[in-house]
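Two forms of a single protein chain come next, each set out by itself as structure tokens; they are called structure 1 and structure 2.
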Structure 1
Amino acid sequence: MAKTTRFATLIILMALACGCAKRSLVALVPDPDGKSGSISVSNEAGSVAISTPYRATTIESAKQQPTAPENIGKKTLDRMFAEALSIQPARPLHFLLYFENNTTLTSDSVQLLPGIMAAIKERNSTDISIIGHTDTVGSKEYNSELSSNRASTVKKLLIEQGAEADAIRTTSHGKENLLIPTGDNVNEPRNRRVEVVVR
């Protein structure tokens, strides 16, 4: 803990001491779901990796290697990045709707529509993506059209329930983007789907 405080104080002192241009700090923090990955920070003088959250490296110039990562602590980072974090939008929400062999939603998926509408209203969303998919039964052309029709069907349903048409973008991937990998001409209900992304 003492080390954390010392490091934080050092950074603040250094920032005050030199009005130096472009000094940078890069810190790793956990994702909202609690996991954290890793980062590498590199320039011509060298590279450092950080894989432990709340550690940071500082970079003094393009010709100096990034410093060895040190624990800076959540508190200091929360303070330094308070303004940026205060405006951070919620991550987009993804929904999967499933279909019978045609453009009819399964009854389970119909029940998801109110939840999608609630998300659109709650986020005041003006940017909704609808992406249609099929399983591998039938030709490429047939599935391309079917996936497009599925996306349009969902768009129509959302508009009927109050979504703005010009907030919606539809695309379709035919049988090219399987959720469950299968061979050709395989009837797979989990691939007959439309993905809705609410931003």
Structure 2
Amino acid sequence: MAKTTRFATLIILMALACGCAKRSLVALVPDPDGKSGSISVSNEAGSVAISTPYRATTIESAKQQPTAPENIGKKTLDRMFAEALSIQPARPLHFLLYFENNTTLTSDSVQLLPGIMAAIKERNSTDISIIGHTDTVGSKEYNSELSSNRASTVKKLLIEQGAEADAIRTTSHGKENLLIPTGDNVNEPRNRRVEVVVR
């Protein structure tokens, strides 16, 4: 049986049962950003590591060690797994909106709203997350409320532009989970943000 034991970065692991025999093919491919990690494929008879994209190992049975990795190539893998790849869900889209102060979006962030709405409509999305954040200026309680208000502000703007209220979930992290790590009471514009995730 094949199993992954270590990932350096996000990878896609694909297994294929070939014919009526219990033969499996495990291949390493880059993630959509072009990065790849490594995998270890093992069974009762031994293991083999793959750290180069588009290489694959074959497992004939639990009693036979996985074969040495061979270069299959992108075209061959795309052809072999065309059906599986065609039904993969689309990756979530992430948008960052920044704030001048309190709950006023920057002008650049206001201009992103039509693109967010286009993504929502194109995907017919019913799963939209809005996560509010602040910088570290002020108390924990103050920032908890402010980040919640920022998330609510963006939700209201999206609903006004046609998003379904029931499709949107809001959460807030206050001054936790900083985009740019800082000490306390630091005014950092990049931390005054809302993240919108469209699935």
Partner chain sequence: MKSVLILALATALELVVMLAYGATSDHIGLIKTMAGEVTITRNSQTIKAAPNMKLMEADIVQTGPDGKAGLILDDDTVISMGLNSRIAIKSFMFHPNDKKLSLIARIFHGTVSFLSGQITKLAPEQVHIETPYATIGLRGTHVLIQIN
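Residue numbering: structure 1 sequence, from 1. We call the rigid core the largest set of C-alpha positions that still match within 1.5 Å between the two forms. Computed from a predicted structure; not experimentally measured.
One chain, two forms displayed separately, with the form predicted in complex with its partner chain being the first of them, structure 1. In a rigid-core overlay of the protein, E70 has its C-alpha displaced by at least 2 Å between structure 1 and structure 2. Once both forms are overlaid on the rigid core, the distance between the two CA positions of E44 between structure 1 and structure 2 is 2 angstroms or more. Between the two rigid parts, the smaller one rotates 17° against the larger between structure 1 and structure 2, as C-alpha superposition shows.
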